[in-house]
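To begin, one chain is listed below as structure tokens, in the form predicted alone.
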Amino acid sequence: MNIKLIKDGLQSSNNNVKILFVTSKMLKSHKDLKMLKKAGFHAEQDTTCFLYEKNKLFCGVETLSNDNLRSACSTAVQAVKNANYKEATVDVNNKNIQAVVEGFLLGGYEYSAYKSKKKQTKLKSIYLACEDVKALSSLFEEAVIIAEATCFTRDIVNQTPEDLNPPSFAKLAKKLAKENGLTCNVLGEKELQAEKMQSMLAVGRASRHESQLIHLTYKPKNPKRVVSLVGKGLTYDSGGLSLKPATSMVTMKMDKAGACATLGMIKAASELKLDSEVHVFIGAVENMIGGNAYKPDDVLVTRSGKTVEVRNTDAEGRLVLADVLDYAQESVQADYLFDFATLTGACMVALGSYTTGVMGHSSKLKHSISKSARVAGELTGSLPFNKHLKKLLKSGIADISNTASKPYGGAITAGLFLDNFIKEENKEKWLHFDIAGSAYTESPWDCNVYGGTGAGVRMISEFLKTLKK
């Protein structure tokens, strides 16, 4: 499906449907009110009504806000794809063009790589009509780049664990580097041993696939700042010897979503030609069971030298990130350090399944991210650290335990665990993003269809776009 920015009035044919957004208030005075009323259309949010004889599709919105338009565009594109039109046209302006582009591209996304018969649709092109194409072209191009980077992320998340394992993840990163002019360095298990990354290595020990640490770099001329993005890349998580229940193992291909998101972020940054130097560090690991699997009661020595008592092998993502965060901090002196992980089910208990949990020490930085998320159409919620929850990570035989002694506040205690591996000078630069709920969905919502959502890509792209030193 192509999406194009055109001069208003250029498209008009029987194969083209005009998409119109109306509120209940607008509906009362609309010239087609009589026909719409007869069809039972009340302009409620995300409802649609075709007037085929006029080649019009009416979409209900509560208000004309970007969030409502994005969601309505997602509903509209699905409706048009199920109809018999080859083209669709919608009017846009400088205020809503990003939301409209994302609504159509993200809402119209389908992952059909494993379907033996692809779903056929006649829809080939969507035209965004405006008065001044030149004035909106840069906003349009930016929106398309970010939406396509989000879809790229979704594609990776949706790949099966048999197809996307740590070595093939590294190949994918190298391919992206070649296509986008990035540099890529990959550490295999021999190099990880030399780096003393025993915590990360322990998690992947029972897998037949070698664990990989992937480092991608986008470096523009005269960068104004340096940003490090760290992703949890569990290509599959069985829970290890603390085995997950069978139903909980389904969808665990999404446990790599944090790493996939960081790839989408650096893809967008390089294509937007941003003035920030961006580094991506991914710990690509598979957590399996076997005679050589790491065990509850093991004590692991992390790259930083701190020791961790393993009390649950299903709390593995934080063990991988502990080593990768330490490596990232020693490799690059960054102005911002963000990690992304499908880390805890507890985050969904706290914030629901639509919202990304944000943790860290800098209130100013959390506020900036929250603002960028709102503009980008992503939902975030801040989860506060506190000294009382920190005490729950104490271990009687090691420096720290990988799980808390009480089951409450699990998302925060996971974030506090990671905080132990953030150097003092980087505490105010670091944020932890728990995307366990927001990264994957089996029930479509907003512009997210079944599967990976690409959570984080739009938010961080907006943050990087608006950064000022």
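The first residue of the sequence shown is number 1, and the count goes up from there. Not measured: the values here are computed from a predicted model.
Keep in mind that the form predicted together with a small molecule is missing from the display, and what follows is about it.
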Establish, in the predicted bound form, whether K244, E316 and T403 all lie within 4.5 Å of the small molecule, using non-hydrogen atoms for the distance. yes
Exactly one of V358, L351, A177, M254 has a non-hydrogen atom within 4.5 Å of the small molecule in the predicted bound form; which residue is it? M254
Heavy atom within 4.5 Å of the small molecule in the predicted bound form: which of A328, A346, I97, M288? A346
Since the chain is shown here on its own, which stretch among 231-239, 79-87, 135-143, 180-188 would lie within 4.5 Å of the small molecule in the predicted bound form, judged by heavy atoms? 231-239
Is S368 close enough to touch the small molecule in the predicted bound form, meaning at least one heavy atom pair within 4.5 Å? no
Though only this chain appears here, would L69 touch the small molecule in the predicted bound form if you measure heavy atom gaps against 4.5 Å? no
Looking in the predicted bound form, any heavy atom of C59 within 4.5 Å of the small molecule? no
Hey, in the predicted bound form, does N93 get a heavy atom within 4.5 angstroms of the small molecule? no
